[in-house]
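Shown below, as structure tokens, is a lone chain in the form predicted alone; questions about how it binds or moves come after it.
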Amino acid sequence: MTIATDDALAAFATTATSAVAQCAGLDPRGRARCLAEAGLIGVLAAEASGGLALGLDHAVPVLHAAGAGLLGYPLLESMLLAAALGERPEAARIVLGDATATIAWSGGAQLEGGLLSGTAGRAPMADSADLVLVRLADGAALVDATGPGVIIDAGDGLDLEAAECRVILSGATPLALLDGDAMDAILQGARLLWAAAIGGAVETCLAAAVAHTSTRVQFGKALVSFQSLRHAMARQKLAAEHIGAAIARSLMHPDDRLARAAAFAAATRFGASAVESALQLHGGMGFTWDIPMHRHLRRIRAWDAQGDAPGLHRRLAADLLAANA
């Protein structure tokens, strides 16, 4: 996918790629500081909170690089949450890397008498976070992950490098409340940025497949000489182009909710298939930790679940059928 055509967006892509590489040997807090120093966490956040107050078009290349580099950090969640919190002090803490933050994408909580109760899930790396956003029936609430009434149940899930956790609330006091419109904006932004991250993963896996088949010899020939394998890689490239086109269309029509949903739907459908194909081209090596094919696939499946891609596909199909009835 072509991330940017102008120098400004290309610079964001370069900065993000470098920062993601630097994060490889750091713990979560070290990664937060590294990403904050590069100015990446605050791309969408308000200037009053130390952010850049830019649009999602500037965030797309950042998440593309994060997906390509298997960044083990909830960057998408941090960026969107810092933006949603506006000028609240928690936003500045996230932007500056002083606090790690994530979002619980499933389940939710109830607010009664000013206190929160309930169970939320699919919160990436909540076990190492300071702040967690949980959904309410009509918005969301930010809680201190280490505060009273908050239990983080560390899980495993598919993505072992950014494990999804459960957040159990029992009389927890919210640090901040977001209304329904703010939570909807987070979800809409997440769909586009998940798509960008999946696009990055697909391109990384495609490049690895090309390199492997070009150097691996079987029956006296390089694997790339076999037409069926070239066709498989052509389909992977086509998947990457489909994802890129869907993202570009969404950016051209920022108020089109259907375009945003279509970008995420395309990325989850085509992305997983493309990475599975790249994994198969590596044979048994694709399932080892040294070759990251299955790690990319695990992460795409995790994003698929966090964004409820199956449910989204069903809703899109129902809307199309109703529109053409």
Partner chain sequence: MQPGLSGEAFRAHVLAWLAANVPAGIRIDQPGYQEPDLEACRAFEAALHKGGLAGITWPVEYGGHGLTIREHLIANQEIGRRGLPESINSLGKELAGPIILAIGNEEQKLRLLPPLLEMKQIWCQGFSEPGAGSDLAGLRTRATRDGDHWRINGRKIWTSASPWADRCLLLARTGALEDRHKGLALFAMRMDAPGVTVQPIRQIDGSTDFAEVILEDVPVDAADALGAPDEGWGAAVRVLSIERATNRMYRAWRFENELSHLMRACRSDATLAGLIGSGEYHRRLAEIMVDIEIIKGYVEPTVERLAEGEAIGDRGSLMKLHWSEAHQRFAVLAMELLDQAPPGAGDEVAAARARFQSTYLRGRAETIYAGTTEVQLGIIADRMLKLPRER
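Numbering follows the first chain given and starts at 1. Just so we're on the same page, rigid core means the largest C-alpha set that superposes within 1.5 Å between forms. The shown structure was predicted, so the numbers you read here are calculated from the model rather than taken from an experiment.
There is another form of the same protein, the form predicted in complex with the partner chain; it is not shown, and what comes next is about it.
The partner chain in the predicted bound form comes within 4.5 Å of no heavy atom belonging to residue 272. Using a 4.5 angstroms threshold between heavy atoms, residue 206 counts as touching the partner chain in the predicted bound form. Under a 4.5 angstroms non-hydrogen atom cutoff, the partner chain in the predicted bound form lacks residue 293 among its neighbouring residues.
Remark: residue 258 counts among the residues lining the partner chain in the predicted bound form, judged by a heavy atom distance of 4.5 Å or less.
Using a 4.5 Å heavy atom cutoff, none of 33, 38 and 152 lies near the partner chain in the predicted bound form. Shown alone, this chain has one stretch from 119 to 127, 139 to 147, 221 to 229, 69 to 77 that lies within 4.5 Å of the partner chain in the predicted bound form by heavy atoms: 221 to 229. Distance criterion of 4.5 Å from any heavy atom to the partner chain in the predicted bound form singles out 237 from the list 212, 237, 93, 88. A heavy atom within 4.5 Å of the partner chain in the predicted bound form is found for one listed residue only; from 233, 187, 175, 158, this is 233.
The two forms, fitted on the rigid core, differ between this form and the one not shown by less than 2 Å at the CA of residue 21.
Superposition of the core reveals a Cα shift of 2 Å or more for residue 317 between this form and the one not shown.
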